[in-house]
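Laid out below as structure tokens are two forms of one and the same protein chain, each shown alone and named structure 1 and structure 2.
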Structure 1
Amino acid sequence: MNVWADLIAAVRDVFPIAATILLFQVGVIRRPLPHPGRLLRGLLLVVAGMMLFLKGLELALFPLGEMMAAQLTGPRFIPEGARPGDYRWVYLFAFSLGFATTLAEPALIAVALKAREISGGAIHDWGLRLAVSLGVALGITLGTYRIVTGASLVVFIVGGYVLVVLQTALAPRMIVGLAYDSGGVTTSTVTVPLVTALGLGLARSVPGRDVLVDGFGLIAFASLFPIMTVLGYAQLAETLARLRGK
């Protein structure tokens, strides 16, 4: 483990953000930075955290996702000449992984709590988190099926967004922006590394698949399907409220 190389890489990643903020603070706003000592300590903590996080990805999360994909597609689980239906353990693992990682996603928790606060409790934070987690789980499961079958990524993604457009026209206006944002917050620190590793590992293990062509694309499913489930959650809640009011 080369600590200095990892530290330099983390500084290089954080530097553009710090430089941009400093440039606007001094050159545009023309006011000194408030509490510079505290800001510097915070920046050093960000660099240290970035260094440790990236090293953790390299040592644990990426190898773990690829290892699970390789094991679940081995001879013990997949017979020779297997059909797409024989990969049921892969689909179950993909669903479970998508649901669990998204439920624990810090960015999603923050958005859900803020949505509950601003809506005055009309949007339940746990309901939103479960809807988003279910969407990611379904999306990754379908994405792994696409890798196994070698189907076109374009067909799935274009078809999904057509459905999203139709749902958007029918969903309550207050939920539309939040639903679209929910698709973005799923692609964050916890979910992305494991899902990416799963896709690459699966593409390496399934005969006839190209890692570059088929291994990527799961993140697109993880971003798209939560929009559908959150819009569907809002439409269902609105329908139930209308029925109770009758």
Structure 2
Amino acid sequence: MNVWADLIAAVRDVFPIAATILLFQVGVIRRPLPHPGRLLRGLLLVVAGMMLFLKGLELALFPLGEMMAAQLTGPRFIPEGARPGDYRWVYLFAFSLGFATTLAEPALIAVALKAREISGGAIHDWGLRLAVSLGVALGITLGTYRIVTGASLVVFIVGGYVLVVLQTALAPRMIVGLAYDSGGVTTSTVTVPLVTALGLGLARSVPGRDVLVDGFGLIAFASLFPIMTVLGYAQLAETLARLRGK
């Protein structure tokens, strides 16, 4: 039965983290478990939540991502023998998706507030959120362009690394850790499957693309570009502050 297999898989996936916390708490820190009943109830919720969430992804988010890719590359939008520039609705969709999801991302809001607090107000939480959202939006857009053209993923990502390293040398040291982290934080549990499906759907729809080689990579773009925009934002904020101080 399918549900049983899903249940066993979910229990198996949650087991390591439960075991880690229990073993270290009881065996190493040597403190009794607080509220064992609540702990068990919480673990059951985690298992149930994981099953429902994965089922929901399969029913809704994956089909939605692939469907949007298929529709926006369909004959109504893309004529025979189209050039990469003709896929502008795909790019606009990718940009909107990246920007909207990141701006509303709770993990990013939390990190931005924390950053403002720790930096004593030097980093503005809205400035940071806008910088990260713009980075993700630009990243996914360029990522879809790469899939459409079939250009090499390695060239884009390695080029991005070189830029990040150059920016790191110039940026205020305080922001570097935060900027690097912002890449990983932004790609949430909901966004990742949808964006992945968009990339795979796009690679299936654009003529001449190989899904295996071209379909992945959007998440890599979405993780790399916020680093650049956050470092750029820090650079800009510092320059403005210096000008104002004069």
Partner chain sequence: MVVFQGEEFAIGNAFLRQLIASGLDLAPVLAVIVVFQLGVVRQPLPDLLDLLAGVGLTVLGLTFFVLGLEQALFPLGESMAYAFARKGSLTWLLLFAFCLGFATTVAEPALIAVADQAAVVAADGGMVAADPRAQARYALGLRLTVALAVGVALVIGVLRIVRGWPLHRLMILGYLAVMAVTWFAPVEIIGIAYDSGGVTTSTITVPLVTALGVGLAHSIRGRNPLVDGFGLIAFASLTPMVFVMIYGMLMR
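The term rigid core refers to the maximal set of C-alpha atoms that superpose within 1.5 Å between the two forms. Structure 1's sequence is the ruler for residue numbers, which start at 1. From a predicted model like this one, the values you see are computed outputs, not experimental measurements.
Q.
Between the two structures, is it 1 or 2 that corresponds to the form predicted together with its partner chain?
A. The chain shown second - structure 2 - is the form that fits the description.
Q.
With a threshold of 2 Å on the C-alpha, tell me if Ala10 counts as moved between structures 1 and 2 once the core is superposed.
A. Ala10 C-alpha, core-superposed: shift of 2 Å or more.
Q. Honestly, after the rigid core fit, is Met68 moving at least 2 Å at Cα between structures 1 and 2?
A. Comparing the forms between structures 1 and 2, which are aligned on their rigid core, Met68 does not shift its C-alpha by 2 Å or more.
Q. Does the C-alpha of Ala220 move 2 Å or more between structures 1 and 2 once the rigid core is lined up?
A. No, shifts by less than 2 Å.
Q) Aligning on the rigid core, what is the distance the CA of Val47 moves between structures 1 and 2, in angstrom? A) Here Val47 registers a C-alpha shift of 2.7 Å.
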